[in-house]
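Consider the single chain below, provided in structure tokens and representing the form predicted alone.
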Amino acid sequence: MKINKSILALMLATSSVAVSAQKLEITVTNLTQGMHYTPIIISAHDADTSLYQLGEMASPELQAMAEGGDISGLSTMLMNANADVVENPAAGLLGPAMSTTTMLDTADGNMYLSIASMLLPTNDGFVALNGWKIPSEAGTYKVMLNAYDAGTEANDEIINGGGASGTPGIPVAPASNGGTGGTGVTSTEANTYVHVHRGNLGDDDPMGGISDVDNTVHRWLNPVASVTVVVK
């Protein structure tokens, strides 16, 4: 059977558009016992865009998110790269064992999915998915996420309201289950690059000790979150 070349080219172009522009249903679930996630940012973007690189310095935008939960810088960066962005789908904090679901329509060329949110209470810990290739076939896909350390602040584990970039300390323990009077786990970090988080150490002294983090509540093992993506 002979096929006209112009018709074939049109069929291929139409097929390409159908694959590259997709409708996604995305569910993020907090798998930890006692950690909360600050407002989440979800984005579909091209292959040249990323939130961070493991083993490299964090950007100021990532630092602001990891230390204080501020996603505005990352959102601006992604939008400037023509990414599709959803901000704060949970309308606030996402508590332990809780889930949030959102829809995301991706534009042509935005075939990579990234997600990020700060973990509370931590100094500069965050959960993230960085540049996951969105499947071209319709279906349901599940990804497990680890917690990372931005490497921008010492993990002193002191809850003092500090949340601005470069300001030591943890903003808050959202469930009011943190301690006070901690002397600090450490004041320096050997690894100042983005890396897998070692986890909170904590202690069992709510009025002193080395940490304001409760070691019976605020410790975790990876993975700390799951993401379910339904490709329509």
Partner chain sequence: MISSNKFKNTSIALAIGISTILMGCGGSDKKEDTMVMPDPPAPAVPVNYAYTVKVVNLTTAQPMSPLAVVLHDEGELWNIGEMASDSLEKLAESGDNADVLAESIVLSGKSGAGILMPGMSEMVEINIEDNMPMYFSLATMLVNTNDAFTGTTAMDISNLAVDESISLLTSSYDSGTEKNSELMATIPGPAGGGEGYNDMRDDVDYVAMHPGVISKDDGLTQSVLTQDHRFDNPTLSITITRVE
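Positions refer to the first chain, counted from 1. Since the model is a prediction, treat every value here as computed from it, not as a measurement.
The same protein has a further form, the form predicted together with the partner chain, not shown here; the description that follows concerns it.
Although the partner is absent from this view, residue 208 stays clear of the partner chain in the model of the complex, with no non-hydrogen atom inside 4.5 angstroms.
Shown alone here, residue 59 lies farther than 4.5 Å from the partner chain in the model of the complex, counting heavy atoms only.
Not displayed here, the partner chain is kept clear of residue 172 by more than 4.5 Å at the level of heavy atoms in the model of the complex. Among heavy atoms of residue 79, none comes within 4.5 Å of the partner chain in the model of the complex.
Proximity to the partner chain in the model of the complex, taken as heavy atoms within 4.5 Å, picks out 133 to 141 from the listed stretches 133 to 141, 86 to 94, 105 to 113, 158 to 166.
Here the marked residues 204, 215 and 223 all reach the partner chain in the model of the complex, each with a heavy atom within 4.5 angstroms. 33 is the sole member of 50, 33, 183, 180 with a non-hydrogen atom within 4.5 Å of the partner chain in the model of the complex.
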